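Only one chain is shown below, in structure tokens, and it's the form predicted on its own.
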């Protein structure tokens, strides 16, 4: 593959360690710089990574030894960091959502097109064996023609475990914008793009209590709806009901079910790369677990970036900006539908990216060094 693709990481919060572990030692990529608003944090991370420099955010965005900026900031900062990187001629791969607003997301993709650079975006969990095995089963006709689907995400809220959960309950946060991308990206892989939505949402608690870390017991305000439900109309006529909530204690519902004329598929948590895909066939007597047949095996956060770097003229990146834009519009349209009390037709679309054959992560080059402890 020639010289390693150089990556600079902006934002060194909780999720950054998973990315750094995945990228460490890969011959296809090399992390060259890190940056965070907290200079002591970036210095500490760089000290554990040989050859990596701790820079300010602006220094990293303009650094000549960075090809792609890995944007792991909070959602409110996604667009500003992406636009800054694009302004310096760099590719961008970011955490979901693509931006906090649809207008900002359009601005990012428009700027990237003008600068002739690429934009990629999480989630990449949908490239693992869970969703991809289910996609292969749908494509092979295991359930016949898909008719409808359901998606359910219920938790009591991230303040139980996250030491600084404020952004989950401010503009750009909430259960749909936070967790919805995993479910919606999966549904688009399985059933294709969404043409229209109808939504409803609620906010029944004005504050939350932090449950871990140095701020344990502190109360934070809830500024966005914490329970969102809706109906998605896919382009082929298939309907999906979706529920995302920070208000429930637990659920026994499958994260995603796809119902067809001849069977039903039950998928694992799309926030994971793997898990059992189960099939119940018409006339059958029990669920049957399908062996993994597609997807990146042993995937972890950062696989989407490796896929992004490996893309070429023959295959577009699978975790791409156009898909992320369509996912974002689906979510913001659900929220707008709830606020306005009406069905909303979408203005964007995105075709499912190329399916992932059953592939080991070594596609991007064997590790040349162990991952950091």
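Positions refer to the first chain, counted from 1. Computed from a predicted structure; not experimentally measured.
Below, we turn to the form predicted together with a small molecule, even though it does not appear here.
Against the small molecule in the model of the complex, the set 36, 178 and 301 is in full contact: each member has a heavy atom within 4.5 Å. Stretch 90 to 98 is the answer when you ask which of 110 to 118, 90 to 98, 250 to 258, 288 to 296 has residues with heavy atoms within 4.5 Å of the small molecule in the model of the complex.
The shortest heavy atom separation between residue 78 and the small molecule in the model of the complex is within 4.5 Å.
Looking at residue 57, you'd find a heavy atom of it within 4.5 angstroms of the small molecule in the model of the complex. Of the heavy atoms in residue 240, none are within 4.5 Å of the small molecule in the model of the complex. Under a 4.5 angstroms non-hydrogen atom cutoff, the small molecule in the model of the complex lacks residue 30 among its neighbouring residues.
Listed residues 74, 150, 155, 142 were compared with the small molecule in the model of the complex; 74 is the one with a heavy atom within 4.5 Å.
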